[in-house]
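The chain that follows stands alone, in the form predicted alone, written as C-alpha coordinates.
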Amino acid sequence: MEKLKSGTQKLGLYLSPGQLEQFHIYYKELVDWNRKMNLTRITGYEEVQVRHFLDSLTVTLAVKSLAEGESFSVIDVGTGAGLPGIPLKILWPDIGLVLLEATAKKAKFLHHLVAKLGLGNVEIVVGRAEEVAHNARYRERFDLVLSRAVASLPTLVELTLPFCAIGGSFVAQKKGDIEQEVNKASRAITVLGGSLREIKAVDLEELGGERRLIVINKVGPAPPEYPRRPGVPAKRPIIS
(Lines give C-alpha, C1' and ligand atoms only; values in the text may rest on other atoms or scores of the structure.)
Protein backbone atom coordinates (compact mmCIF):
# COMPACT_ATOMS: atom_id res chain seq x y z
CA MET A 1 0.00 0.00 0.00
CA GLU A 2 2.94 2.37 -0.61
CA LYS A 3 1.10 4.38 -3.27
CA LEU A 4 -1.81 4.94 -0.92
CA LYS A 5 0.45 5.71 2.03
CA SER A 6 2.47 8.37 0.18
CA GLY A 7 -0.63 9.89 -1.41
CA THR A 8 -2.49 10.27 1.86
CA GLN A 9 0.53 11.94 3.44
CA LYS A 10 0.24 14.63 0.77
CA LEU A 11 -3.35 15.12 1.92
CA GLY A 12 -2.08 15.61 5.48
CA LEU A 13 -3.42 12.24 6.60
CA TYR A 14 -1.73 9.42 8.50
CA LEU A 15 -2.71 5.78 8.04
CA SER A 16 -1.61 3.36 10.75
CA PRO A 17 -0.21 -0.08 9.88
CA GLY A 18 -3.58 -1.53 10.89
CA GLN A 19 -5.44 0.78 8.55
CA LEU A 20 -3.08 -0.01 5.69
CA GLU A 21 -3.75 -3.70 6.32
CA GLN A 22 -7.50 -3.02 6.13
CA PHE A 23 -7.00 -1.38 2.74
CA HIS A 24 -4.95 -4.38 1.62
CA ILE A 25 -7.78 -6.72 2.64
CA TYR A 26 -10.25 -4.42 0.87
CA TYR A 27 -8.22 -4.74 -2.32
CA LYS A 28 -8.07 -8.54 -2.13
CA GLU A 29 -11.81 -8.90 -1.50
CA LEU A 30 -12.66 -6.40 -4.25
CA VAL A 31 -10.64 -8.28 -6.85
CA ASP A 32 -11.87 -11.68 -5.68
CA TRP A 33 -15.55 -10.70 -5.79
CA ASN A 34 -15.05 -8.84 -9.06
CA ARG A 35 -14.53 -12.23 -10.73
CA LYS A 36 -18.13 -13.08 -9.81
CA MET A 37 -19.83 -9.74 -10.40
CA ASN A 38 -19.08 -6.40 -12.02
CA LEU A 39 -17.78 -4.20 -9.20
CA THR A 40 -14.98 -2.33 -10.97
CA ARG A 41 -13.02 -2.28 -14.22
CA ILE A 42 -9.95 -1.11 -12.24
CA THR A 43 -8.20 -4.10 -10.69
CA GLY A 44 -4.44 -3.42 -10.72
CA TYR A 45 -2.87 -3.25 -7.27
CA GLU A 46 -1.37 0.24 -7.58
CA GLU A 47 -4.24 1.52 -9.72
CA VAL A 48 -6.84 0.58 -7.09
CA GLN A 49 -4.77 2.26 -4.39
CA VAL A 50 -4.74 5.52 -6.33
CA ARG A 51 -7.94 5.64 -8.38
CA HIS A 52 -10.24 4.12 -5.78
CA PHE A 53 -8.79 4.44 -2.29
CA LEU A 54 -6.77 7.67 -2.52
CA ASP A 55 -9.39 9.32 -4.71
CA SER A 56 -12.05 8.49 -2.11
CA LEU A 57 -9.99 10.01 0.68
CA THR A 58 -9.66 13.35 -1.15
CA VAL A 59 -13.15 14.02 0.26
CA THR A 60 -11.37 14.93 3.49
CA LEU A 61 -10.14 18.14 1.83
CA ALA A 62 -13.72 19.42 1.92
CA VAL A 63 -14.62 18.32 5.45
CA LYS A 64 -11.75 19.50 7.61
CA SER A 65 -14.32 21.11 9.92
CA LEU A 66 -15.45 17.60 10.84
CA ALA A 67 -12.47 16.84 13.05
CA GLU A 68 -10.68 13.52 12.82
CA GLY A 69 -11.99 11.11 15.40
CA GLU A 70 -15.21 13.07 15.94
CA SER A 71 -18.42 11.09 15.63
CA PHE A 72 -20.59 12.32 12.77
CA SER A 73 -23.04 10.71 10.39
CA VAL A 74 -22.31 9.95 6.74
CA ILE A 75 -24.36 8.46 3.90
CA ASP A 76 -22.75 7.31 0.66
CA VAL A 77 -25.42 7.42 -2.07
CA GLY A 78 -24.92 4.89 -4.87
CA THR A 79 -21.90 3.42 -3.12
CA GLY A 80 -21.31 0.48 -5.52
CA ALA A 81 -18.21 -1.28 -4.19
CA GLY A 82 -18.19 0.93 -1.07
CA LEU A 83 -16.51 3.99 -2.53
CA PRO A 84 -15.93 6.57 -1.10
CA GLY A 85 -17.71 5.56 2.12
CA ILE A 86 -15.62 2.61 3.30
CA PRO A 87 -12.21 4.26 2.76
CA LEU A 88 -13.48 7.19 4.84
CA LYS A 89 -14.72 4.78 7.52
CA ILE A 90 -11.31 3.09 7.64
CA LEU A 91 -9.69 6.51 8.08
CA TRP A 92 -12.21 7.74 10.68
CA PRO A 93 -13.54 4.64 12.50
CA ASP A 94 -15.86 6.62 14.78
CA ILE A 95 -18.16 7.95 12.07
CA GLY A 96 -21.61 6.45 11.61
CA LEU A 97 -21.88 5.25 8.01
CA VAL A 98 -24.83 4.30 5.83
CA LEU A 99 -24.07 2.72 2.45
CA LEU A 100 -26.97 3.07 0.01
CA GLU A 101 -26.90 0.72 -2.97
CA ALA A 102 -29.72 -0.22 -5.34
CA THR A 103 -28.21 -3.55 -6.47
CA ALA A 104 -28.71 -6.46 -4.06
CA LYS A 105 -25.65 -8.36 -5.37
CA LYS A 106 -23.38 -5.41 -4.62
CA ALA A 107 -24.99 -5.06 -1.18
CA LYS A 108 -24.07 -8.68 -0.49
CA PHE A 109 -20.44 -7.84 -1.23
CA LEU A 110 -20.67 -4.82 1.08
CA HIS A 111 -22.01 -6.93 3.96
CA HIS A 112 -19.14 -9.39 3.46
CA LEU A 113 -16.55 -6.61 3.24
CA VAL A 114 -17.75 -4.75 6.34
CA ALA A 115 -17.57 -7.98 8.36
CA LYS A 116 -14.16 -8.90 6.92
CA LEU A 117 -12.75 -5.46 7.83
CA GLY A 118 -14.30 -5.52 11.31
CA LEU A 119 -16.07 -2.20 10.82
CA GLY A 120 -18.70 -1.18 13.37
CA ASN A 121 -21.61 1.25 13.07
CA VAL A 122 -22.11 0.64 9.33
CA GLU A 123 -25.60 0.13 7.89
CA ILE A 124 -26.15 -1.16 4.37
CA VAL A 125 -29.43 -0.14 2.76
CA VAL A 126 -30.66 -1.72 -0.47
CA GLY A 127 -32.85 0.69 -2.41
CA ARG A 128 -33.05 3.64 -4.75
CA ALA A 129 -32.28 7.10 -3.47
CA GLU A 130 -35.57 8.41 -4.88
CA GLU A 131 -37.47 6.10 -2.50
CA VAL A 132 -35.16 5.83 0.53
CA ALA A 133 -34.93 9.64 0.83
CA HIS A 134 -38.64 9.71 1.71
CA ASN A 135 -38.10 7.37 4.67
CA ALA A 136 -38.12 9.45 7.89
CA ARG A 137 -35.26 7.35 9.26
CA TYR A 138 -32.91 8.70 6.59
CA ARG A 139 -34.43 12.00 5.46
CA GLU A 140 -32.35 15.03 6.48
CA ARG A 141 -30.44 12.95 9.04
CA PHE A 142 -26.81 13.14 7.88
CA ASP A 143 -23.99 15.57 8.57
CA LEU A 144 -22.21 14.54 5.39
CA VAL A 145 -23.64 13.14 2.15
CA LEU A 146 -21.26 11.66 -0.43
CA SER A 147 -21.63 10.46 -4.00
CA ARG A 148 -19.02 9.44 -6.54
CA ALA A 149 -19.56 9.07 -10.30
CA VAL A 150 -23.30 8.48 -10.05
CA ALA A 151 -25.01 11.11 -12.23
CA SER A 152 -24.82 14.63 -13.60
CA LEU A 153 -24.91 17.30 -10.89
CA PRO A 154 -28.51 18.55 -11.41
CA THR A 155 -29.75 14.97 -10.99
CA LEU A 156 -27.32 14.24 -8.19
CA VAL A 157 -28.46 17.22 -6.14
CA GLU A 158 -32.05 15.96 -6.18
CA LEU A 159 -30.94 12.45 -5.17
CA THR A 160 -28.67 13.55 -2.31
CA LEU A 161 -29.69 16.82 -0.64
CA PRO A 162 -32.88 15.32 0.85
CA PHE A 163 -30.62 13.09 2.98
CA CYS A 164 -28.59 16.04 4.28
CA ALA A 165 -29.39 17.61 7.64
CA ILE A 166 -29.71 21.38 7.77
CA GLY A 167 -26.22 22.58 8.65
CA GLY A 168 -24.65 19.57 6.96
CA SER A 169 -22.93 19.29 3.58
CA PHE A 170 -23.04 17.30 0.37
CA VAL A 171 -19.75 16.62 -1.43
CA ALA A 172 -19.74 15.46 -5.05
CA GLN A 173 -16.54 14.17 -6.64
CA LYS A 174 -16.18 15.29 -10.25
CA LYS A 175 -13.43 15.62 -12.84
CA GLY A 176 -12.83 17.58 -16.01
CA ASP A 177 -14.45 20.86 -16.98
CA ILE A 178 -17.44 21.10 -14.64
CA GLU A 179 -18.31 24.81 -14.87
CA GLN A 180 -21.28 24.24 -17.19
CA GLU A 181 -22.53 21.34 -15.09
CA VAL A 182 -22.40 23.44 -11.93
CA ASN A 183 -24.22 26.31 -13.64
CA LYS A 184 -26.97 23.96 -14.81
CA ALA A 185 -27.36 22.67 -11.24
CA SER A 186 -27.80 26.09 -9.61
CA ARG A 187 -31.60 25.98 -9.69
CA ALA A 188 -31.72 22.42 -8.32
CA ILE A 189 -29.37 23.40 -5.50
CA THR A 190 -31.64 26.29 -4.49
CA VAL A 191 -34.88 24.29 -4.82
CA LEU A 192 -33.51 21.44 -2.68
CA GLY A 193 -32.43 23.76 0.15
CA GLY A 194 -28.75 23.98 -0.69
CA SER A 195 -26.14 26.68 -1.16
CA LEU A 196 -22.94 26.18 -3.16
CA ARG A 197 -20.07 26.63 -0.72
CA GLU A 198 -17.06 25.99 -2.91
CA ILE A 199 -15.54 24.11 -5.78
CA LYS A 200 -12.28 22.75 -4.42
CA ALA A 201 -9.45 21.63 -6.68
CA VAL A 202 -7.73 18.36 -5.81
CA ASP A 203 -4.07 18.85 -6.57
CA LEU A 204 -2.46 15.41 -6.50
CA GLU A 205 -0.14 14.33 -9.29
CA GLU A 206 -1.02 10.68 -8.61
CA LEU A 207 -4.59 11.28 -9.74
CA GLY A 208 -3.81 13.49 -12.72
CA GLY A 209 -6.48 15.40 -14.62
CA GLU A 210 -8.73 18.07 -13.22
CA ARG A 211 -10.46 16.66 -10.15
CA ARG A 212 -12.87 18.81 -8.18
CA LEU A 213 -14.90 18.55 -5.01
CA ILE A 214 -18.23 20.34 -5.27
CA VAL A 215 -19.30 21.26 -1.75
CA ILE A 216 -22.92 22.23 -1.14
CA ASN A 217 -24.16 23.31 2.28
CA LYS A 218 -27.70 22.45 3.35
CA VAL A 219 -29.29 25.71 4.50
CA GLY A 220 -33.00 24.87 4.37
CA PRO A 221 -35.37 21.90 4.16
CA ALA A 222 -35.91 20.01 0.93
CA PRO A 223 -39.53 20.27 -0.24
CA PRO A 224 -41.43 17.05 0.60
CA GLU A 225 -42.13 16.20 -3.05
CA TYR A 226 -38.40 15.72 -3.73
CA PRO A 227 -36.84 13.52 -4.86
CA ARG A 228 -39.40 12.62 -7.48
CA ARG A 229 -40.24 9.01 -8.35
CA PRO A 230 -37.47 6.66 -9.57
CA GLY A 231 -35.97 7.66 -12.90
CA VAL A 232 -37.52 11.13 -13.09
CA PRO A 233 -34.53 13.09 -11.66
CA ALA A 234 -32.35 11.65 -14.44
CA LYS A 235 -34.92 12.05 -17.23
CA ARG A 236 -36.18 15.50 -16.22
CA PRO A 237 -33.51 17.17 -14.07
CA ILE A 238 -34.18 20.52 -12.43
CA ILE A 239 -31.90 22.71 -14.54
CA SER A 240 -31.25 26.42 -14.76
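Numbers follow the displayed sequence, beginning with 1. Just so you know, these numbers come straight off a predicted model, no measurement behind them.
As for the form predicted in complex with a small molecule, it is not shown, yet the points below apply to it.
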- [ ] Considering the small molecule in the predicted bound form, find the one stretch among 116-124, 137-145, 164-172, 98-106 with heavy atoms no farther than 4.5 Å from it.
- [x] 98-106
TODO: Verify the contact flag for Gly78: yes if a non-hydrogen atom of it lies within 4.5 Å of a non-hydrogen atom of the small molecule in the predicted bound form, no if not.
DONE: yes
Open item on the list: Against the small molecule in the predicted bound form, would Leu159 count as a contact residue? Criterion: heavy atoms within 4.5 Å.
Closed with: yes
Open item on the list: So in the predicted bound form, is the small molecule close enough to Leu91 to count as touching (4.5 Å, heavy atoms)?
Closed with: no
- [ ] Indicate whether the small molecule has at least one heavy atom within 4.5 Å of a heavy atom of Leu153 in the predicted bound form.
- [x] no
